[in-house]
Structure formats: C-alpha cells, structure tokens
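In structure tokens, one chain follows: the form predicted alone.
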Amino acid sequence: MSTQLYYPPVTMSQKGMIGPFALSVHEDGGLVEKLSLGIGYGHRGIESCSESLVFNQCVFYSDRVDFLAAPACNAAVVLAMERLGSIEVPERASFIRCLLLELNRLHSHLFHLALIANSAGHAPLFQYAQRERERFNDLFEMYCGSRLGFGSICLGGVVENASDGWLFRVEQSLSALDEFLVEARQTLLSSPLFTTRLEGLAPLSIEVAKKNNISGVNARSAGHLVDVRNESPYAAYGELRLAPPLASLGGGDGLARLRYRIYEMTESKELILRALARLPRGNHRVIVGNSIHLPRGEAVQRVESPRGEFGVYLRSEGGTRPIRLKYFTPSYFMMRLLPELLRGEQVEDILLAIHGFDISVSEVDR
C-alpha cells in the first residue's frame, strides 16, 4: 500500500537545507516509490535582470546565482567578458583568482560536511565543520569586506591586492584545516554509524552521469573523471599543475561522494600552497570602468565550481549591456535526476542523500 508524504518548502534555517523547495514522496513500506520536486519559491530572474545592467554590475549580481560559490560565478562571467573584449589580466591577478577560487572550494565543502554531519545526527562534528568554515569566511571578510556574496573577482582582475598579512592568515587557516581533516576522517570515514548509512546510498553510475551532464565531485566519485581545471585551464591553473582526478575513490554512492570531497579539500589546500609559493609581484587589476563597451559577438566560459561545471553564455551587440546572459549550473542537472536516484531508498535517508549530492537550490531556482 502506497502512502503520500509531503514536505513543504524548507529553508536553511529550518532544516539545514540550502534553499527553499518542496518534496512530494510516495512511500511503500518505508521505501521511496515515487518522488516529485517543487521549486520556484525563491525565483529571482537573475538572467533577465542582468540584461538590464552594465557589464560590471552583471559580474557582482552573479554572486546571487550560488551564494556558496560566489567567486566561481564571478570568474565565469568575468572570463567570458574578458575573452569577448580581449582584456589582458595581470599575472598576479590570475594567481589571486586561483587562491580565491580554491579558498571558496574549501569553504563550500566544509558547509557540505556540516550538512552531512547534521543529517546523520552528529551535532559536535556539525559544529566543528562550521567553526572551520568560519575561518574561511573571516579570510574573505578580510579580503573584500563581505562574508556572503563576496564580489571578489572583477572585470580586469580582482578587487583587492593580496597583502602579506592576509597571505599569512591564509597559511594559518590551512594549518588548522589539516587538524580538522584528520578528525573528520576518524569520525566520518571510520565510524560504522556513517559508513553503514552512506554505503550504497543513491548510487550514481558513470553511464547515468555522462548521459545527464553530471559533473564535479558527483561525477568523479562515479568514475566520470572530468575537471574543467584540467581540460580547459583558466586563470593560473595551467601553471599550478593540478593533479588529475583520482579514480580509486570511485563507487558512486554516498560514501564515495563524501570520501572524494574530503580528498578534494586536501588537493585544494596543496593547490593554494603552490599558488602562494609562486605568487608573482605586480598589479592586481586593470581598470576598465563602468562604461566599458564590449564588441559585438558571443562567448562561452566554463569553470569548475565546488559543485561541478558552471557555464556562462554571453552575447553582446556592442553596447554597455549584455543582450543575453545565460547560466548553466551543475545543481540543475543534479536535482532533476533526484527522483530516479532516490527511488527505492528509505524515506528517512532522503535528506541525507540530497545533502550528499551537494545541491545548491539557488543555482536551480535562479
């Protein structure tokens, strides 16, 4: 006998989610028989609004696409504009961009770990992960004055130069992160409480990942080893020798996704240290002004956000505003696959599985 359960729109403050959406679940004997998603509760029309803004304003408005990955959103828009306008960025700015992008990746993955711990009922680890995340929030506040919607990457470079004091704080935060990751591995990956629930949860195969344009950690943990930073390097990634995706952590289930995100945090830390060691001197930006005109044409840019491949399509008619600005977000492709992946799972594991996919509803409901 089938029973329908309805989860009304929930918000981050209520359930630890990352945006409002609704679930309608048909269950049979405690297992998901059918699941329907309801979105649109926070729709903001970001793409249409951007077409009425000048190019510089579009960059900072892109923060709102994914509030957990604002630097990646900024970078995608900025790189598309710079490609269209043939704008040369100082080498120091390219390295600082990589620093900001990887610091934000750590910030986002720590939030993911906090959600996983909270969903599994481990309140202390949830608090520890949030504590570590606050360190990186502090870094962004020191750098650009904001802890959310940073606006840190701008057209022509980055908004501020990296001071010696700020770089020292970055190194301190990475040292503290090492201790936390040891604790996270011991608590999460060595505890039957977590591994039993996560092992086999919502498995994603490499074939399904390829067919449905799944990217990021969700794809790499399923064996689909795609990473824009390796395939189409941008900023200074081509000089920092990013390690290729690791195939041995594959498995495609909830446990594999958790393991890969913890591994990726270690890789991001090493990438930041290499960027710090090679950070060149010089200017951090070229001034382009709010009245910049981009030539007629179109540009496409991809970046590797914390959730996967984030794309931007930009078209200009030669004025100060884009005629078309379109975002392609990894969470959209992941969310539309949830009804298929969650079929047959236990009802009480629904939120744990959704958190495990690291979906940002603001990307979907933009």
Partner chain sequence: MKIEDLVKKICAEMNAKQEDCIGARKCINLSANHFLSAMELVHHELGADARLIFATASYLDNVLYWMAEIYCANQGSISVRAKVDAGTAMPSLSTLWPHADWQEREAQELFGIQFVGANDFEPFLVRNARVQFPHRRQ
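Source: prediction; values computed, not measured. Numbering follows the first chain given and starts at 1.
Note that the form predicted together with its partner chain isn't included here; everything after this is about it.
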Contact at Leu148, Met265 and Glu270 by its partner chain in the predicted bound form, all three, heavy atom at most 4.5 Å: no
- prompt: For Asn213, is any heavy atom within 4.5 Å of its partner chain in the predicted bound form, or not?
  reply: yes
- prompt: Is there a heavy atom of Val59 lying 4.5 Å or less from a heavy atom of its partner chain in the predicted bound form?
  reply: no
message: So, Gly319 and its partner chain: in the predicted bound form, are they within 4.5 Å at any heavy atom pair?
response: no
message: Can you tell me whether His43 touches its partner chain? I mean in the predicted bound form, with a 4.5 angstroms heavy atom cut-off.
response: yes
statement: Partner contact check in the predicted bound form: of 220 to 228, 93 to 101, 114 to 122, 153 to 161, the stretch with a heavy atom within 4.5 Å of its partner chain is 220 to 228
Residue (of Arg296, His293, Arg278, Arg131) lying close to its partner chain in the predicted bound form, criterion heavy atoms within 4.5 Å: Arg296
message: Where, within 340 to 366, is there a heavy atom within 4.5 Å of its partner chain in the predicted bound form? Residue list please.
response: Val364, Asp365, Arg366
